[in-house]
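Only one chain is shown below, in structure tokens, and it's the form predicted on its own.
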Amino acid sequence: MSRLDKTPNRTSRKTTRRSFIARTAASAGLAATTLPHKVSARVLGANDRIGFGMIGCGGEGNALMGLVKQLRDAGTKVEIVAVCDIYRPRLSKAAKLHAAKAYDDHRELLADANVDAVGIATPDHIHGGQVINAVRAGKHVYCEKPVTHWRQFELTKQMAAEVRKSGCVFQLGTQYMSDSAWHQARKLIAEGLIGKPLHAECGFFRIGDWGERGMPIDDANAQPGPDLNWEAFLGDAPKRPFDVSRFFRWRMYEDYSGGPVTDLYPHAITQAIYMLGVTFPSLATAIGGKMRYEEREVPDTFHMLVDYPEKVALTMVGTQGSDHACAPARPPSRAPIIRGWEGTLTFEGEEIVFTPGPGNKTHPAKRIRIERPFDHVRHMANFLECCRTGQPPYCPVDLAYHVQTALQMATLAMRAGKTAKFDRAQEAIVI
């Protein structure tokens, strides 16, 4: 067993060189290595406690555990029972803080019968394999965005199929989907308020690279060994010598991240894709690059154009070099604009604003009050409730799959200097 200890508060153990080499070999390539056996999810009643396991105990993982703890303290029947990280100092701290069992291999956490649902907050390129392993183990999944890395379309497709087949609940951590504005607007569009949908315009603007270069380096002298599993971190990414910056500030590097297009834009285009009700694009193209911040490999500015076979287009523009949005703000950045043949929807303050097109005498201009704003805690609460009811959460796996496909197509198009196309018959991206 590589579980660190049977007692929840003590995470020290003796690791021999032989056991470490065996553990490293077993966990190398975890992004692509999946568990072969499928276990059904435990049926959860209204009064059953949900055992929550956290995979990845860095900044995002700790934030998710904070949400779970907040819900538990408010009366939700949930408990953090297990934590996992490949970097022992983080693991030990999280295990002690939450009185949870500690694991350094996510597959062993998934074998824990006390775990009903997991949060996944590892680097982008590790998500897909861990989601597959989790649902095969019968665990419900809350996964941080993006759902996979920009180069992992085939894994994204496999992951979506595995989640569907499993019957487990999957929620992507695009917490802005808890904002009722998008659900209300989707209904208005489906009812024909704007006529035939034509175009969605989205944006994400901010100043700062704190999410990349600003990621904390816990220990500048850290080295691979029993306390840091470098091979597990690399997963299916290119094999490189250990680099402390790559390990702690992985969002700076294209092997593990895509920059704003995958790390930030899911927060902006998910709503538009959901409101329009579209799925796979027909084609995508993009431009971008490092316009302000040089100490990174990933772009800080990225603009993409996406066409859908329903004759709907989506424009997504943004930069980390300027925070001027030129449109009403609604978290996380600029509110989307949805245009149709007969009118336009915008989002201003606490209202959805309908502006009729020229000659539209059927639907006059109106404002619809937004029922509730986004809430991080509600997004997690929605996930836990769906674990009990089996109902679709705010951001289910198919929506995550369709969003990620558009982002992957745009990224691949920019890198190749071409237009990416989608082959629906083969369910494949073609460059």
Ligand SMILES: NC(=O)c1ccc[n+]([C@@H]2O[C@H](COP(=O)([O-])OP(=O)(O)OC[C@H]3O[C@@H](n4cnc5c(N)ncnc54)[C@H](O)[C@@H]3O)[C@@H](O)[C@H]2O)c1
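Note that residue numbering follows the sequence shown and begins at 1. Keep in mind it's a predicted model, so treat the numbers as computed, not measured.
Note that the form predicted in complex with this ligand isn't included here; everything after this is about it.
Screening A406, L384, C57, C395 for any heavy atom within 4.5 Å of this ligand in the model of the complex leaves a single hit, C57.
Checked against this ligand in the model of the complex, the candidates F204, Y308, Y253, F247 yield a single residue with a heavy atom inside 4.5 Å, and that residue is F247. Among heavy atoms of I86, some come within 4.5 Å of this ligand in the model of the complex. A residue is said to contact a partner when one of its heavy atoms sits within 4.5 Å of a partner heavy atom; V163 fails this definition for this ligand in the model of the complex, lying far away. Proximity of L110 to this ligand in the model of the complex falls outside the 4.5 Å heavy atom cutoff. Residue contact check for M215: one or more of its heavy atoms lie within 4.5 Å of this ligand in the model of the complex. Note that among 341 to 349, 94 to 102, 77 to 85, 319 to 327, the stretch whose heavy atoms approach this ligand to within 4.5 Å in the model of the complex is 77 to 85. Residues from 299 to 332 do not approach this ligand in the model of the complex: none has a non-hydrogen atom within 4.5 Å of it.
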